[in-house]
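Next comes just one chain, in C-alpha coordinates: the form predicted alone.
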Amino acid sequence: MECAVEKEELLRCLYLVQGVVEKRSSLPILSHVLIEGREETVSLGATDLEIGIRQQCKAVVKKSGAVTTDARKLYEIVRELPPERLILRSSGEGWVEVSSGRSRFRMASFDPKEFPAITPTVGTDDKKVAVSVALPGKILGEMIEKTLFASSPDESRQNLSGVYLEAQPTGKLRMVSSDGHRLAIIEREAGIAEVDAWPHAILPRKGLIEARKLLEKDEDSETDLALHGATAVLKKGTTELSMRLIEGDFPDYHQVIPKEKKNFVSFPREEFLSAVRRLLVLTTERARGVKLQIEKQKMTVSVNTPDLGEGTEELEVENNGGDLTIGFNGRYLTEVLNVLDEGLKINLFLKDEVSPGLLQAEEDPDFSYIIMPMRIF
(Lines give C-alpha, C1' and ligand atoms only; values in the text may rest on other atoms or scores of the structure.)
Protein backbone atom coordinates (compact mmCIF):
# COMPACT_ATOMS: atom_id res chain seq x y z
CA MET A 1 0.00 0.00 0.00
CA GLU A 2 1.15 3.54 -0.75
CA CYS A 3 -0.87 6.75 -0.47
CA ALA A 4 -0.50 10.49 0.06
CA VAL A 5 -2.82 12.33 2.46
CA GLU A 6 -2.95 15.82 3.95
CA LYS A 7 -1.81 16.03 7.57
CA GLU A 8 -4.93 17.75 8.94
CA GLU A 9 -7.23 15.26 7.20
CA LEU A 10 -5.37 12.27 8.62
CA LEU A 11 -5.11 13.88 12.06
CA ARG A 12 -8.87 14.45 12.17
CA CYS A 13 -9.54 10.77 11.48
CA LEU A 14 -6.88 9.54 13.91
CA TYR A 15 -8.30 11.73 16.70
CA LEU A 16 -11.63 9.91 16.65
CA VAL A 17 -9.88 6.53 16.59
CA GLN A 18 -8.10 7.13 19.92
CA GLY A 19 -11.15 6.63 22.14
CA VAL A 20 -12.03 3.27 20.58
CA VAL A 21 -8.55 1.74 20.53
CA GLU A 22 -8.13 -0.69 23.41
CA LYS A 23 -5.57 0.64 25.91
CA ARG A 24 -4.92 -2.59 27.80
CA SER A 25 -5.67 -5.85 26.06
CA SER A 26 -4.30 -9.36 25.77
CA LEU A 27 -4.65 -8.90 21.99
CA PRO A 28 -1.93 -6.46 20.84
CA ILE A 29 -3.64 -5.92 17.49
CA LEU A 30 -6.49 -4.10 19.26
CA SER A 31 -4.09 -1.22 19.94
CA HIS A 32 -3.61 -0.83 16.18
CA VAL A 33 -5.52 1.09 13.54
CA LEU A 34 -6.35 -0.64 10.26
CA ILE A 35 -5.38 1.56 7.29
CA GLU A 36 -6.79 0.61 3.89
CA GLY A 37 -6.05 2.50 0.69
CA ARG A 38 -8.43 2.13 -2.23
CA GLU A 39 -9.15 4.38 -5.23
CA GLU A 40 -9.19 7.99 -3.90
CA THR A 41 -9.68 7.32 -0.19
CA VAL A 42 -7.90 5.94 2.85
CA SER A 43 -10.12 4.13 5.33
CA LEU A 44 -9.14 4.03 9.01
CA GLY A 45 -10.70 1.47 11.35
CA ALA A 46 -10.38 0.52 15.01
CA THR A 47 -12.23 -1.73 17.43
CA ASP A 48 -12.14 -3.05 20.98
CA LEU A 49 -14.53 -5.90 19.97
CA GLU A 50 -17.46 -4.04 21.56
CA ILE A 51 -17.19 -0.70 19.74
CA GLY A 52 -15.89 -0.08 16.25
CA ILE A 53 -15.19 3.01 14.17
CA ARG A 54 -14.50 3.38 10.47
CA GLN A 55 -13.87 6.63 8.63
CA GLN A 56 -12.53 7.80 5.32
CA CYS A 57 -9.95 10.42 4.36
CA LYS A 58 -9.40 11.91 0.93
CA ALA A 59 -6.07 10.69 -0.46
CA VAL A 60 -4.05 9.97 -3.54
CA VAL A 61 -3.67 6.20 -3.56
CA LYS A 62 -0.72 5.06 -5.66
CA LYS A 63 -0.98 1.44 -4.60
CA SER A 64 -3.99 -0.24 -3.02
CA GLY A 65 -3.59 -2.40 0.07
CA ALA A 66 -3.85 -2.47 3.84
CA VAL A 67 -1.55 -2.15 6.85
CA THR A 68 -1.94 -1.82 10.61
CA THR A 69 0.14 0.11 13.13
CA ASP A 70 -0.03 1.45 16.69
CA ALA A 71 -2.89 4.00 16.65
CA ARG A 72 -1.67 6.23 19.47
CA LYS A 73 1.94 6.39 18.31
CA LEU A 74 0.84 7.19 14.75
CA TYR A 75 -1.41 9.97 16.05
CA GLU A 76 1.43 11.47 18.12
CA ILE A 77 3.83 11.33 15.17
CA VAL A 78 1.39 12.89 12.72
CA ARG A 79 0.49 15.61 15.21
CA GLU A 80 4.14 16.71 15.44
CA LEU A 81 4.82 16.67 11.69
CA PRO A 82 4.82 19.94 9.69
CA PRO A 83 1.54 20.92 7.94
CA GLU A 84 2.36 19.16 4.69
CA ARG A 85 1.13 16.17 2.73
CA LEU A 86 2.53 12.95 4.14
CA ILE A 87 3.12 9.51 2.64
CA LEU A 88 1.99 6.19 4.11
CA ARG A 89 3.46 3.06 2.55
CA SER A 90 4.00 -0.54 3.49
CA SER A 91 7.73 -1.16 3.87
CA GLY A 92 8.38 -4.86 3.67
CA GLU A 93 6.52 -7.50 5.63
CA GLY A 94 5.63 -6.29 9.13
CA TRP A 95 6.47 -2.59 8.65
CA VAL A 96 4.82 0.67 7.59
CA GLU A 97 6.66 3.86 6.70
CA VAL A 98 5.42 7.40 7.48
CA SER A 99 7.21 10.24 5.74
CA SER A 100 6.78 13.99 5.37
CA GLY A 101 9.44 16.31 3.98
CA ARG A 102 12.70 15.29 5.61
CA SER A 103 11.00 13.23 8.33
CA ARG A 104 10.94 9.42 8.09
CA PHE A 105 9.41 6.96 10.54
CA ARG A 106 9.22 3.17 10.35
CA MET A 107 6.60 1.50 12.52
CA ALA A 108 5.75 -2.11 13.23
CA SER A 109 2.69 -3.58 11.52
CA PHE A 110 0.60 -6.73 12.00
CA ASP A 111 -0.95 -8.77 9.23
CA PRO A 112 -4.12 -6.80 8.28
CA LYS A 113 -5.89 -10.11 7.60
CA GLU A 114 -5.74 -10.79 11.34
CA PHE A 115 -7.51 -7.54 12.23
CA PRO A 116 -10.92 -8.19 13.90
CA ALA A 117 -14.19 -7.15 12.26
CA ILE A 118 -14.79 -3.43 12.83
CA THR A 119 -18.56 -3.82 13.37
CA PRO A 120 -19.57 -6.11 16.27
CA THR A 121 -21.47 -9.18 15.10
CA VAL A 122 -25.22 -8.93 15.50
CA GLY A 123 -25.69 -12.48 16.75
CA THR A 124 -28.41 -14.99 16.00
CA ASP A 125 -31.07 -12.37 15.23
CA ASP A 126 -29.14 -10.80 12.36
CA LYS A 127 -32.10 -11.40 10.02
CA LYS A 128 -34.16 -8.93 12.00
CA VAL A 129 -35.10 -5.85 9.99
CA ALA A 130 -33.06 -2.83 11.01
CA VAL A 131 -34.77 0.35 12.17
CA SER A 132 -33.23 3.78 11.73
CA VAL A 133 -33.86 7.45 12.24
CA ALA A 134 -32.17 10.56 10.84
CA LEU A 135 -31.57 13.49 13.21
CA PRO A 136 -29.52 16.68 13.10
CA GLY A 137 -26.21 16.08 14.85
CA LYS A 138 -26.99 18.90 17.28
CA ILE A 139 -30.20 17.20 18.48
CA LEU A 140 -28.66 13.76 18.92
CA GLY A 141 -25.63 15.26 20.64
CA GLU A 142 -27.91 17.15 23.03
CA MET A 143 -29.82 13.98 23.91
CA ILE A 144 -26.58 12.17 24.72
CA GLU A 145 -25.21 15.13 26.71
CA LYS A 146 -28.35 15.40 28.85
CA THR A 147 -28.53 11.72 29.79
CA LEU A 148 -25.04 10.24 29.77
CA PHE A 149 -23.95 12.12 32.91
CA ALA A 150 -26.63 10.39 35.00
CA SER A 151 -25.74 6.84 33.96
CA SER A 152 -23.86 4.59 36.37
CA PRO A 153 -20.04 4.43 36.01
CA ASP A 154 -20.16 1.03 37.71
CA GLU A 155 -19.67 -1.56 34.93
CA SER A 156 -20.92 -4.33 37.23
CA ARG A 157 -24.41 -2.77 37.00
CA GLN A 158 -24.60 -3.25 33.26
CA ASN A 159 -28.24 -2.32 32.75
CA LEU A 160 -27.58 1.08 34.40
CA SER A 161 -24.16 1.71 32.83
CA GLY A 162 -25.62 2.89 29.53
CA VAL A 163 -28.50 4.96 28.18
CA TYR A 164 -31.90 3.44 27.46
CA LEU A 165 -33.39 4.20 24.04
CA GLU A 166 -37.00 3.83 22.94
CA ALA A 167 -39.49 5.29 20.48
CA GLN A 168 -42.61 7.04 21.76
CA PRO A 169 -46.15 6.72 20.30
CA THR A 170 -45.87 10.40 19.36
CA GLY A 171 -43.01 9.60 16.99
CA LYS A 172 -40.46 11.13 19.33
CA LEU A 173 -37.21 9.45 20.36
CA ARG A 174 -36.62 9.09 24.11
CA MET A 175 -33.38 8.54 26.02
CA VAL A 176 -33.31 7.62 29.72
CA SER A 177 -30.43 7.13 32.16
CA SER A 178 -30.13 6.38 35.86
CA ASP A 179 -27.54 5.37 38.44
CA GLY A 180 -30.12 4.37 41.02
CA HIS A 181 -30.12 7.76 42.79
CA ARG A 182 -31.31 9.97 39.94
CA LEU A 183 -32.99 9.71 36.56
CA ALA A 184 -32.63 11.82 33.42
CA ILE A 185 -35.21 11.69 30.59
CA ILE A 186 -35.19 13.57 27.30
CA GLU A 187 -37.46 13.41 24.27
CA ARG A 188 -36.96 14.99 20.88
CA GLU A 189 -39.01 14.98 17.69
CA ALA A 190 -37.75 12.29 15.31
CA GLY A 191 -40.71 11.63 13.02
CA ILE A 192 -40.68 7.89 13.72
CA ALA A 193 -43.57 6.34 11.80
CA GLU A 194 -43.40 2.61 12.67
CA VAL A 195 -43.04 2.95 16.43
CA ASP A 196 -43.99 -0.68 17.11
CA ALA A 197 -41.02 -1.87 15.05
CA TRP A 198 -38.56 -0.12 17.34
CA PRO A 199 -36.94 -2.36 19.97
CA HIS A 200 -35.96 -1.17 23.42
CA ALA A 201 -32.18 -0.87 23.60
CA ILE A 202 -29.45 0.12 26.06
CA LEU A 203 -26.58 1.98 24.38
CA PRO A 204 -23.17 1.49 26.07
CA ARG A 205 -21.52 4.36 27.92
CA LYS A 206 -18.19 4.14 26.06
CA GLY A 207 -19.91 4.10 22.69
CA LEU A 208 -21.91 7.22 23.56
CA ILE A 209 -18.79 9.05 24.74
CA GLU A 210 -17.29 8.45 21.30
CA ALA A 211 -20.56 9.42 19.62
CA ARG A 212 -20.51 12.70 21.53
CA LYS A 213 -17.02 13.43 20.17
CA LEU A 214 -18.20 12.67 16.67
CA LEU A 215 -21.13 15.07 17.01
CA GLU A 216 -19.11 17.96 18.49
CA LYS A 217 -18.48 19.57 15.11
CA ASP A 218 -20.76 20.13 12.12
CA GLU A 219 -23.78 19.97 14.43
CA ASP A 220 -26.26 20.75 11.67
CA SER A 221 -25.29 17.80 9.48
CA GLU A 222 -27.71 14.88 9.45
CA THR A 223 -26.80 11.81 11.46
CA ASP A 224 -28.31 8.34 10.99
CA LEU A 225 -28.89 6.12 14.00
CA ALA A 226 -29.78 2.50 13.24
CA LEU A 227 -30.47 -0.56 15.39
CA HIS A 228 -29.93 -4.02 13.95
CA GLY A 229 -30.14 -7.00 16.26
CA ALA A 230 -27.61 -6.49 19.07
CA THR A 231 -25.81 -3.62 17.33
CA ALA A 232 -26.34 0.13 17.05
CA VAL A 233 -24.71 2.04 14.19
CA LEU A 234 -24.22 5.79 13.99
CA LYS A 235 -23.37 7.28 10.60
CA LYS A 236 -22.30 10.85 10.00
CA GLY A 237 -20.70 11.84 6.74
CA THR A 238 -17.81 9.48 6.04
CA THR A 239 -17.66 8.17 9.61
CA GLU A 240 -19.42 5.07 10.91
CA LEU A 241 -19.48 4.22 14.62
CA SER A 242 -20.88 0.87 15.73
CA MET A 243 -21.48 -0.45 19.23
CA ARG A 244 -22.75 -3.64 20.79
CA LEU A 245 -25.91 -3.06 22.81
CA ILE A 246 -25.93 -3.88 26.52
CA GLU A 247 -27.79 -7.06 27.34
CA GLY A 248 -30.44 -7.03 30.05
CA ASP A 249 -33.52 -5.03 30.93
CA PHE A 250 -33.59 -1.41 31.97
CA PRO A 251 -35.56 -0.88 35.22
CA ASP A 252 -39.17 0.30 35.02
CA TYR A 253 -38.34 3.97 35.44
CA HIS A 254 -41.97 5.10 35.20
CA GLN A 255 -42.48 4.10 38.85
CA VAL A 256 -40.18 6.83 40.17
CA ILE A 257 -41.49 9.70 38.05
CA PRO A 258 -43.59 11.96 40.31
CA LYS A 259 -47.23 11.92 39.23
CA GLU A 260 -48.17 15.24 40.85
CA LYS A 261 -46.70 18.55 39.73
CA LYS A 262 -48.63 20.90 42.01
CA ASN A 263 -46.09 22.36 44.39
CA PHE A 264 -42.98 23.85 42.90
CA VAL A 265 -40.32 26.46 43.50
CA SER A 266 -38.85 28.44 40.57
CA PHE A 267 -35.46 30.13 40.30
CA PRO A 268 -32.92 31.25 37.66
CA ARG A 269 -30.44 28.55 36.66
CA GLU A 270 -27.30 30.66 37.08
CA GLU A 271 -28.11 31.95 40.59
CA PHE A 272 -28.87 28.52 42.00
CA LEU A 273 -25.91 26.85 40.26
CA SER A 274 -23.46 29.47 41.54
CA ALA A 275 -24.82 29.19 45.09
CA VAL A 276 -24.52 25.40 45.20
CA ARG A 277 -21.03 25.48 43.70
CA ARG A 278 -19.84 27.84 46.42
CA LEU A 279 -21.37 25.73 49.16
CA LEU A 280 -19.83 22.50 47.84
CA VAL A 281 -16.42 23.92 48.74
CA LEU A 282 -17.31 23.12 52.36
CA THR A 283 -18.21 19.48 51.63
CA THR A 284 -16.22 16.29 51.09
CA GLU A 285 -16.35 13.58 48.43
CA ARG A 286 -18.21 11.31 50.85
CA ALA A 287 -20.65 13.96 52.04
CA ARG A 288 -22.15 16.23 49.38
CA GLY A 289 -25.44 16.92 51.14
CA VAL A 290 -27.10 20.29 50.54
CA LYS A 291 -30.17 21.45 52.48
CA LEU A 292 -32.93 23.48 50.82
CA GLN A 293 -35.19 25.38 53.22
CA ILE A 294 -38.14 26.86 51.33
CA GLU A 295 -40.43 29.44 52.91
CA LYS A 296 -42.69 31.92 51.12
CA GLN A 297 -40.62 33.64 48.41
CA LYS A 298 -37.22 32.74 49.81
CA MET A 299 -35.03 29.63 49.63
CA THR A 300 -32.08 29.15 51.96
CA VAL A 301 -29.47 26.72 50.67
CA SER A 302 -26.98 25.47 53.26
CA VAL A 303 -24.29 22.92 54.09
CA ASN A 304 -22.84 21.84 57.39
CA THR A 305 -19.70 19.71 57.49
CA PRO A 306 -18.38 19.29 61.07
CA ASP A 307 -14.71 19.00 60.07
CA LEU A 308 -14.81 21.88 57.58
CA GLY A 309 -17.48 24.39 58.51
CA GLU A 310 -20.88 25.59 57.36
CA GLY A 311 -22.30 27.99 54.80
CA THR A 312 -25.63 29.45 53.67
CA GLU A 313 -26.92 31.15 50.53
CA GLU A 314 -30.26 32.94 50.19
CA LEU A 315 -32.17 33.14 46.91
CA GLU A 316 -35.35 34.91 45.94
CA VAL A 317 -37.70 32.34 44.39
CA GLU A 318 -41.26 31.86 43.28
CA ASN A 319 -43.00 29.41 45.57
CA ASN A 320 -46.55 28.23 44.97
CA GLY A 321 -46.52 25.68 47.80
CA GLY A 322 -45.98 25.71 51.54
CA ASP A 323 -42.83 25.75 53.62
CA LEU A 324 -40.60 22.74 53.07
CA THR A 325 -37.12 21.54 54.04
CA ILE A 326 -35.41 18.86 51.94
CA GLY A 327 -31.89 17.63 51.29
CA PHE A 328 -30.23 16.60 48.02
CA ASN A 329 -26.79 15.54 46.83
CA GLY A 330 -25.24 18.85 45.74
CA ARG A 331 -23.14 17.27 43.02
CA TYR A 332 -26.24 15.76 41.44
CA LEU A 333 -27.76 19.25 41.33
CA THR A 334 -24.76 20.93 39.72
CA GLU A 335 -24.30 18.19 37.14
CA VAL A 336 -27.79 18.55 35.74
CA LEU A 337 -27.62 22.35 35.74
CA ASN A 338 -24.30 22.18 33.87
CA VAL A 339 -25.92 20.43 30.89
CA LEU A 340 -28.78 22.94 30.70
CA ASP A 341 -28.51 26.15 28.70
CA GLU A 342 -27.83 29.50 30.29
CA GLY A 343 -30.71 31.86 31.04
CA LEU A 344 -33.27 29.16 31.76
CA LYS A 345 -35.87 29.32 34.51
CA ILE A 346 -35.83 26.13 36.58
CA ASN A 347 -38.89 24.59 38.20
CA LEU A 348 -38.30 22.16 41.07
CA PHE A 349 -41.45 20.16 41.88
CA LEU A 350 -41.57 18.83 45.44
CA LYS A 351 -44.20 16.74 47.21
CA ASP A 352 -42.66 16.34 50.68
CA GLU A 353 -39.34 15.80 52.45
CA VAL A 354 -39.05 12.09 51.56
CA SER A 355 -40.32 11.98 47.97
CA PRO A 356 -38.20 12.41 44.83
CA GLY A 357 -37.85 15.90 43.41
CA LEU A 358 -38.60 16.63 39.75
CA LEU A 359 -36.50 19.30 38.05
CA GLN A 360 -37.45 20.81 34.69
CA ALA A 361 -36.55 23.88 32.69
CA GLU A 362 -39.70 25.91 32.16
CA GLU A 363 -38.75 26.36 28.49
CA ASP A 364 -38.16 22.63 27.86
CA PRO A 365 -40.78 20.30 29.39
CA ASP A 366 -39.42 17.39 27.30
CA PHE A 367 -36.41 17.13 29.60
CA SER A 368 -36.94 15.87 33.16
CA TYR A 369 -34.56 15.10 35.99
CA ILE A 370 -35.70 13.11 39.01
CA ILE A 371 -33.47 13.15 42.09
CA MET A 372 -33.87 11.17 45.30
CA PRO A 373 -33.75 13.18 48.55
CA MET A 374 -31.09 12.81 51.26
CA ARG A 375 -31.55 12.85 54.98
CA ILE A 376 -29.59 15.82 56.26
CA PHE A 377 -29.39 16.78 59.92
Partner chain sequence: MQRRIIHLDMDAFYAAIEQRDFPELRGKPVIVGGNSQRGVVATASYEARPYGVRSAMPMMQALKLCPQAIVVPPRRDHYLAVSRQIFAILRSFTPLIEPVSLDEAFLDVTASKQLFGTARDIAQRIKARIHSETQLTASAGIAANKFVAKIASDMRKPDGLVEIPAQEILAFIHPLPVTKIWGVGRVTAQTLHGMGVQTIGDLARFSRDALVSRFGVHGDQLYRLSHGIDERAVDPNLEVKSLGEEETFEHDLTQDRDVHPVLLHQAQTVAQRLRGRHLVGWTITVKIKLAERLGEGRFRLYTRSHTLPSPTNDAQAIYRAALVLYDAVPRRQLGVRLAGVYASGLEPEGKNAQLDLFVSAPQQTDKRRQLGHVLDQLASRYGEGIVRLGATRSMRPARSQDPGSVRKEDMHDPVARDKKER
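What you see is a predicted model; the values in this text were computed from it and never measured. Residue numbers count along the first chain shown, from 1.
As for the form predicted together with the partner chain, it is not shown, yet the points below apply to it.
Although the partner isn't part of this model, could you tell me whether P116 comes within 4.5 Å of the partner chain in the model of the complex, counting any heavy atom of the residue?
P116 lies outside the contact set for the partner chain.
Under a 4.5 Å heavy atom criterion, is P169 part of the interface with the partner chain in the model of the complex?
Contact with the partner chain, no.
Would you please decide whether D252 lies within 4.5 angstroms of the partner chain in the model of the complex, comparing each non-hydrogen atom pair?
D252 belongs to the contact set for the partner chain.
Quick one: does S161 come within 4.5 Å of the partner chain in the model of the complex, counting heavy atoms only?
Because no heavy atom of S161 falls inside 4.5 Å of the partner chain in the model of the complex, the answer is no.
Which one, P204, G289, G137, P112, lies within 4.5 Å of the partner chain in the model of the complex by heavy atoms?
Result of the distance check: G289.
Contacting member of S90, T231, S100, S178, with respect to the partner chain in the model of the complex [4.5 Å, heavy atom]
The option sitting close enough to the partner is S178.
Are all three of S156, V256 and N329 close to the partner chain in the model of the complex, meaning a heavy atom of each within 4.5 Å?
Every residue of the spot touches the partner chain in the model of the complex.
Looking at 104-112, 141-149, 71-79, 181-189, which lies within 4.5 angstroms of the partner chain in the model of the complex, counting heavy atoms?
Correct option: 181-189.
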